[in-house]
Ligand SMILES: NC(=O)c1ccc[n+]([C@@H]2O[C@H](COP(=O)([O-])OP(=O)(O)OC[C@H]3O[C@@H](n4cnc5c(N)ncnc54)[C@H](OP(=O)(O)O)[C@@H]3O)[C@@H](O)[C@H]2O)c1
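Just the one chain here, the form predicted alone, laid out as structure tokens.
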């Protein structure tokens, strides 16, 4: 593999949004790209081979990896983009709903990584890029469960990177802020709504909608993923876009009490 032929990439959740744009950016950079979607879509689109995969199903993940290896013989890059969101008070979700969210956002990534690692170890080379979020390192009121999945992936990815370096494999995180996708439309709602949270939930929905309208384009995130995928000396974390970089710096250097006050003010929460 070289700069003109960087190898074979697998991008989960590639039927739309960030995943779709990322798959295309990688394809333009020379990767042979296999995209996945939970439901069947056109098998070939813009040079990207689309395959069906449910990241919550072990057999489906194993079948996907087998199909990619049968067609391409190797896997050099895995981009874990598939995920789902959930907006509401933390206590408004049942344990079953929280588990379902973790099954996609956390265990889905773990399944995918475990499935590709034997191949990457045999190759003595590989790169894994996990899509996190600024909500992976800051508090996220009314996104507590979603944020906790991203916090989990942050810790998992950083630890895993240390484990895999002896095999020539690196793990990196990409942390977008709000991005102009259909994320808001696809947000899950709590399965046990409580009246006491109605006003706050509605207010947060407005905040999210406005932030999405003013957010970065998916291309910003895709270019960051490409950088994380091809950087000769990869960093553990890549902030995607100006807002994400600003939030990352503020979280690191602003006193906790001041950060807390600013966050609540921006979200319209009582200070």
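Remember, it's a predicted structure, so these values are computed and weren't measured experimentally. Numbering follows the first chain given and starts at 1.
There is another form of this protein, the form predicted together with the ligand, and it is not shown here; the text below is about that form.
Annotated contact segment (heavy atom within 4.5 Å of the ligand in the model of the complex): 145 to 153, selected among 145 to 153, 189 to 197, 69 to 77, 119 to 127.
Taking 104, 138, 87, 160 one by one, only a single residue has any non-hydrogen atom within 4.5 Å of the ligand in the model of the complex, and it is 104.
Of the listed positions (169, 115, 172, 177), a single one reaches within 4.5 angstroms of the ligand by any non-hydrogen atom in the model of the complex, namely 177. Taken together, 35, 65 and 219 are entirely out of contact with the ligand in the model of the complex: none brings a heavy atom within 4.5 Å. Interface membership of residue 16, defined by any non-hydrogen atom within 4.5 Å of the ligand in the model of the complex, is confirmed.
When the ligand is considered in the model of the complex, residue 94 lies well away from it, no heavy atom lying within 4.5 Å. Of the heavy atoms in residue 56, some are within 4.5 Å of the ligand in the model of the complex. Taking non-hydrogen atoms only, residue 212 approaches the ligand to within 4.5 angstroms in the model of the complex. Using a 4.5 Å cut-off on any heavy atom, the residues of 126 to 163 that reach the ligand in the model of the complex are, in sequence order, 131, 132, 133, 146, 150.
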